[in-house]
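This document starts with one chain, in the form predicted on its own, laid out as structure tokens.
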């Protein structure tokens, strides 16, 4: 088994609804408890039960970059379909754990495999001289250096049923524990460490914990009898005293609570809904036994109602937000414009996924940048920021609420499916203390004019319900009191001052807080945003080992764009060494930057399969561009 940089990657594959996510959570938590750092990422179909899903679990004795890694060291399959999807990912030293009862399964007999995928895999096996069966796929991998571990899952479950007194039917509910336990055994997890993982996942359900531990012991016993010895990771060099094991959705929910969120609205949509589920589970706020209030989480009948309710709550003075993905955001745009003309500080947390229309509903992408930037008819100011990892997601969530209230405008916080569905070990000391700023606030009273611009673009904000305060809000153009008017001179004043808010934000928010430059190599410059970050930073390390020394420009705020800093950095590298990287069919950031700087990109690396950008494929693409003179590369890795 390859052990690179004190780390191992395991891929767990199986049908949706078979408990694969639970298995990955147990494994991740068990390793985190031992002081290791964990990064896991899940891919799945838009299907409640049955279709293929898989999870990369990356474990290291040192802190990990937040990206999945190609070519896993262990492939642990619950079913035959997982072997067909992932056998080509095996390399020299890869261990494949599989169910021996599936070896004669033909690919044509698995109806859940899509025809295009089936034909591609069948053609590969046939042209390589192998049967179109699990056995043929395993032989293909074995001849390329993979090591096979076949376990009789039915036999293991039969012994488990006998020792626990369960029926065969009930025993099958624990099927997902077999490949997970085998993986844990190979990586040196002790029974006690694995039990801690089960206890964390099944808190208070002692019988389920005991059953899973029993099956894990049976699996470990068989592995020992077969002569397989554990290969533990080195002891962690600097294990965290405390840590969070959180998904991207979770860390945004935590940050919203810390930022002072009091109303969250949503209509369920992948991959945004899990954020609201986390908030619902922890809606009562208690610190040191003291009740601090609660977060009201409101599931509405649709996305139009969701943003409208969040806007209404913001007008009363509470911090409010709504969360959604592309199709839901499309429905919110009219109300977003209403918030813009009425200067409402509302936050929209926007998780990108593959489009257009329903597109790839459970896959990722970065094709919604322009939708966020240019949404709504007419012009109104909005701030758009994007996060590249869990720490940035935490910071940006708090900044979104602060900026919304400081500049009295909508703020759109862009994330993506890749970040939402990844789980990391996160030491709390990496999360900076929250600084809350609520902007200019007025007590209102008689004679209060909500939109009086005599003092500049930002008017002190009074809240609906303030004593003796009357405020009018309308979707039409209005005067200082909020009454509808189409007077041309008033229009000049009101519309111009609203748009000046972006200029003010550009002046006041330091540019160094809106981007980050990693590395100082001069051979090339990668430019990207969002979840490109993890893959780019790791690709820099791989390329450095190959003698190509570069840097990565990570853009965090898209509006107002840090154009002065970006212009200088790009001019230092020039068009021959600047490479735009994006999970999109066309380079959107590569078109936004020229709008503000005039710099024209000529080299691109793009991916639009719905799967994340992986570091080795990115490094290979950069190498082709630098060494072979390629102008553009399209990335394809991922099942």
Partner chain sequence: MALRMDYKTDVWVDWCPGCGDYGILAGIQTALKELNLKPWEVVVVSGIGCSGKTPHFIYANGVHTLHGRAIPFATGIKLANPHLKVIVSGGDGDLLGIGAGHLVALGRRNLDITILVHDNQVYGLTKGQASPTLPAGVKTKSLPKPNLQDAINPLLLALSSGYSFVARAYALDIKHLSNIIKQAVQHRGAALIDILQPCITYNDVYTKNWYAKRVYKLEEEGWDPVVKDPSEREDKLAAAVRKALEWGERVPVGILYWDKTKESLEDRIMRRIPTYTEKPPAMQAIEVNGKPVVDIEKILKIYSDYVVEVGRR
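Positions refer to the first chain, counted from 1. The shown structure was predicted, so the numbers you read here are calculated from the model rather than taken from an experiment.
Omitted here: the form predicted together with the partner chain. The next part is about that form.
Peer 1: Can you tell me which of 524-532, 302-310, 151-159, 223-231 lies within 4.5 Å of the partner chain in the model of the complex, counting heavy atoms only?
Peer 2: One stretch meets the cut-off, namely 302-310.
Peer 1: Each of 203, 262 and 436 having a non-hydrogen atom within 4.5 Å of the partner chain in the model of the complex: is that the case here?
Peer 2: Per the other structure, all of 203, 262 and 436 touch the partner chain.
Peer 1: Answer with yes or no whether residue 34 is in contact with the partner chain in the model of the complex, where contact means some heavy atom within 4.5 Å.
Peer 2: Within the cut-off, so yes.
Peer 1: If you check in the model of the complex, is residue 87 within 4.5 Å of the partner chain, heavy atoms only?
Peer 2: No, no contact at 4.5 Å.
Peer 1: Would residue 298 sit within 4.5 Å of the partner chain in the model of the complex, counting heavy atoms only?
Peer 2: So residue 298 counts as contacting the partner chain.
Peer 1: Quick one: does residue 128 come within 4.5 Å of the partner chain in the model of the complex, counting heavy atoms only?
Peer 2: Because no heavy atom of residue 128 falls inside 4.5 Å of the partner chain in the model of the complex, the answer is no.
Peer 1: Only one of 431, 210, 458, 103 has a non-hydrogen atom within 4.5 angstroms of the partner chain in the model of the complex; which is it?
Peer 2: Of the candidates 431, 210, 458, 103, 431 is the one lying within 4.5 Å of the partner chain in the model of the complex.
Peer 1: Give me the residue from 452, 143, 545, 467 that has a heavy atom within 4.5 Å of the partner chain in the model of the complex.
Peer 2: Contact residue from the list: 467.
Peer 1: Listed by sequence position, which residues of 30-53 have a non-hydrogen atom within 4.5 angstroms of the partner chain in the model of the complex?
Peer 2: Result: 32, 33, 34, 35, 46, 47, 48, 49, 50, 51.
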